[in-house]
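Two versions of one and the same chain are coming, encoded as structure tokens; call them structure 1 and structure 2.
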Structure 1
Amino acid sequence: MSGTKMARGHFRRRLVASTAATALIAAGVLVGTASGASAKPVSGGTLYFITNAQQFDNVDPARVYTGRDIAFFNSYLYRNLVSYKPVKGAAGSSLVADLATNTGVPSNSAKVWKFTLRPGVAWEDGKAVTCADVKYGVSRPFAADVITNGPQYLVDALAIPKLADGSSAYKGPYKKTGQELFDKAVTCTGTTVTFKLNRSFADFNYALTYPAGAPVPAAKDKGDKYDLRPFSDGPYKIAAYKIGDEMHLVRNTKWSQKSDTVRTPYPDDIVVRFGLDENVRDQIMLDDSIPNTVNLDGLQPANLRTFFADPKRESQRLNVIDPYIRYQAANVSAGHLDCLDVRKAIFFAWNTQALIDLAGGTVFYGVPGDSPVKSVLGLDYAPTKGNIHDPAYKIAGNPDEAKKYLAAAKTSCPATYARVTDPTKGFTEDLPKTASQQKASVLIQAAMKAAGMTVNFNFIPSGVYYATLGDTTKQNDLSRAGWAADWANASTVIPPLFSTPSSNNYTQNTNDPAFAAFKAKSDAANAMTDRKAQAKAWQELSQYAMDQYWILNPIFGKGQEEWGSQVGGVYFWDPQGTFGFGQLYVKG
């Protein structure tokens, strides 16, 4: 399992380039935007996907939360009320009505949203998709002990009271505790579903691009087991899903093109092969031995270069700026990296160059970033001052500068200084246990050593990496993490990463004296309706986070996709940060 690939499954957001779309640095402009655009798509054939994973993390619509999986299932199995437009480029980030006839009608300062269902949409058993199905689907994320992993926007935003411990008073459709509260928040009148929110939520329809808002027929729901065999209202249905082996999708004969303006199913069969080792996958891609294959995981860095240098593979690859930033979260709580000077020392000592080289170089991996908000977010991004723009900053690390800060730390925070410089102690970084992160640890160790610091590593099984970090008692001094905006608003970046003590905030900055002020400003920004003012607030907050070195050495990442010579219709679907699965076809 090559690290970048593996890790990608564990960054949990993908980016909407921007609704405003104007300031967008278009994705997919880096290396030839491939895809034989001239060829006409053909129907039929079998399309293969190959991956090292044993299974999809989740298949249950309420639990799917990785960009790739959302794009995959949205294209084939589920229909949401609204969807992103399945086209290349900036236009792909615009919303279109899908299951609904419109993209949502807000009222009461966007505290109430109404969607009307499209007629003629049927489940795979032929029954019509009803408003009750939508309501039932929306209710499921409330069953927090069954529906794990999914996005929490609906739970957070629907007008249902919260209990003292922060959980919703509604416990989901299985236990039915507080059902009446939910029934008030989500109502059906005919084919119109109405959502009552607890606050103004101008982007609420974007939150509904998550399948968590997709309908589920109550009769087919089997709780946890629904994750294996969700019911389809899309153009395909699951013929077989065997973990560790394959998922086989076949055409859903009850689906009709008339009722769907978004999807265009081409292949007859779609097969996802699980558990293929990286050597095997790379072999397939390099030899083009299975030409109707799409690689869901990337190539190993070494093979990546070979593949991208081969002129024969010109039309089988994409190298784009992806929606992710990768960074190290500094645990600023007492007893950890509670010393700004030490954090700065680490920042300056960091050998970003070697780490980038290791992961494929700037061509494939990314460039040093200067903000938690990625530049592709447009409006909300502004270059920050300091950090990588500091004259002393060197991309390959500046141990001398680091030592200066360490010297300062000696007086400003002697305990922390003593610990990080003690060869028998040092500080500890959490890393997911993948081959590439283990390799990266070598470089990190060498860089820290050069600056007179000691670093240890705590490798956590990759599948439980974030779950383990989420336990604040388990978190160490520094934790590697990644993030992508859920849609083109830093409201999906700054608050989750810094201003809520939720499980996505690995800085533990609630202990920071500046936290209260930061949170207040963040909450205010979140509630702003003036987009420009809001953007400015986000920029200031970004600057503050960077100044505090809550996160260190972010990388604005890139992503690559490869596919076989028989696969056509490939483009990079910006908002999902992955393929536009729905347009893929197998060349005749």
Structure 2
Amino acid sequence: MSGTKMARGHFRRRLVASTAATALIAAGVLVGTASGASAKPVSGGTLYFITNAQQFDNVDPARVYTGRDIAFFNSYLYRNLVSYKPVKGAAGSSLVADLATNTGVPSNSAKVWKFTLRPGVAWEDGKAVTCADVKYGVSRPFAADVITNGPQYLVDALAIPKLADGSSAYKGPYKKTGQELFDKAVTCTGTTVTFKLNRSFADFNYALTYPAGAPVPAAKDKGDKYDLRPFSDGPYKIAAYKIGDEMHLVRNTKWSQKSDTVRTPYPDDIVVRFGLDENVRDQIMLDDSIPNTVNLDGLQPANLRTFFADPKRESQRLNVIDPYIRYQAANVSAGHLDCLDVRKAIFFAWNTQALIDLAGGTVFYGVPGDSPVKSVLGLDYAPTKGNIHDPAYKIAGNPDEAKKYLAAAKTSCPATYARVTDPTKGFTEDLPKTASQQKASVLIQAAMKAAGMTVNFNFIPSGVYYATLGDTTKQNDLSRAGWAADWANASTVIPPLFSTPSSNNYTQNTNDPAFAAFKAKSDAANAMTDRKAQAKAWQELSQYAMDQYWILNPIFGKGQEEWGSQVGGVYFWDPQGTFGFGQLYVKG
């Protein structure tokens, strides 16, 4: 997941031409019959989405945490107390009332927040959405043994004591351990829900734009199996969801436009087709063979250049500076990349230029970054020292400099040194299982070999990539990842990536000797109300993370979107760095 939120990104690469439309139709997706153009949105038709992934990472609202999927499900299935305004440009980052009647009423220095539900909101079975449903939905992320991978803002912020290991004393609605503590922190009075927080949190309503704060009817909850068929209070509901095949959304007849000022649903049906061969997916877009189709993945590099060079496709594409950084997360726990000298060696050996070129160049992929906080965040970003600003850094890699750090590692951490330089062992990197990443692995392997290191690869199906990394027992030494601020504050970057023992902290740095001090400073920054002082603290913490090489070779990314000629209403939605899904329609 915006970060998000984790990034969806894959390295993108060339295709071999194929009869894409024929293959997709044979797989069960029909070519739309709508033709012509319409200057105004029209209702009806089927809107298709295509992807190489076998499934969504998660569908359970408490677990959805990639920017694209947050935007998708918030537009079609889920309603939150507040939402981002569904418009393009900077205005899209402003908050509007959604399930609630306003964007929240804070008190006690923003340690208490109240929201009152608007009338007329119903579940897909016609039953009213209640304050109790909101409270129950908020309780679910506390069940860390069942509900994994989702954002932890509510878990961290609610006024519930923490145990010695840093976890909440409340263990969620399934075990009910500490239930009385949760019941004091989240209360219902009629249609008003009140949240009591453990600190001043002026941005708390932004955290409630995420599905983890959305209502869930307790009677429909099936624990981890809720991920396969969540209940809807949005304009669509799930008619079918088969991993490796498709998700089919149909209109939720119990949804009322009168109760929803955010969503304007146009298609009658929405079909997400999973598991398409990358060549098939790309050819559909190049040929416009299924014109009522949106590409969820992006194109492979050679096809990306072709598509963006075609003047006939000018109205079917976007190329933007997105909110994401892409990076390699170093697992610094014992037995992995627990040696700073080895992490530095990998950094200096890395051939960033070759990987950027493979992924579409600076025009389409991005440029080397120097911080976990992207420069678009403004106030909280400052150029760091060292890393890409080190005189020895070379964008195409500097194997000689890498060897110097390996020589130091031979003394500072002999066991780790021996492993990463042993041709029969080496270190292992996690990558999404795509053709693009498999080609990238060849370049990474060559760069490491030039510096005297051996790297192996663990290719994880892209549809379960982040869910797999979220299990610390399955994560390897280095993991490709992406992140974007959940809103305009690095409080949504530094804590989730580095100072919270969560499913998004792929560095596994909690046993690092410096972690306690880092977390203390991060927690203090989180509670600051002086924005300038807070920004300075985030900048200092970013510098420390880069000095420790907890993340390697970040890229300040760009992103592209492609869609068919019969898809209208397209715009880039800044908050989640993706389509504004809720306004897409099939042209009549």
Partner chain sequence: MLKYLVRRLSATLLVITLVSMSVFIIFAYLPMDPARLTCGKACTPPIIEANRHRLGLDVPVQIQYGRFVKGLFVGREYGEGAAKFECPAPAFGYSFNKHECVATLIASAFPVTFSLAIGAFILWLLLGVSLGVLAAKRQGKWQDKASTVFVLVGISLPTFISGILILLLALKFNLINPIEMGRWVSPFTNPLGWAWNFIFPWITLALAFAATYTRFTRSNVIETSSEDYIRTARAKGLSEKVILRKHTLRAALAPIVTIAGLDFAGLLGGAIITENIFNLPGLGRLSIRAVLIDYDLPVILTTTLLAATFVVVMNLIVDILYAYIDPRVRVA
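Being a predicted model, the structure only gives us computed values, none of them experimental. Rigid core (definition): largest C-alpha set, two forms, superposition within 1.5 Å. Numbers follow structure 1, counted from its first residue as 1.
In this pair, the copy labelled structure 2 belongs to the form predicted on its own. Candidate list P323, A207, Y84, A481; rigid-part hinge between structure 1 and structure 2 assigned to P323. Relative to the larger rigid part, the smaller part rotates 19 degrees between structure 1 and structure 2, based on C-alpha fits. A C-alpha shift of 3.4 Å is found for K532 between structure 1 and structure 2, based on superposition of the rigid core. Aligning the rigid core between structure 1 and structure 2 leaves the CA of P513 offset by 8.8 Å.
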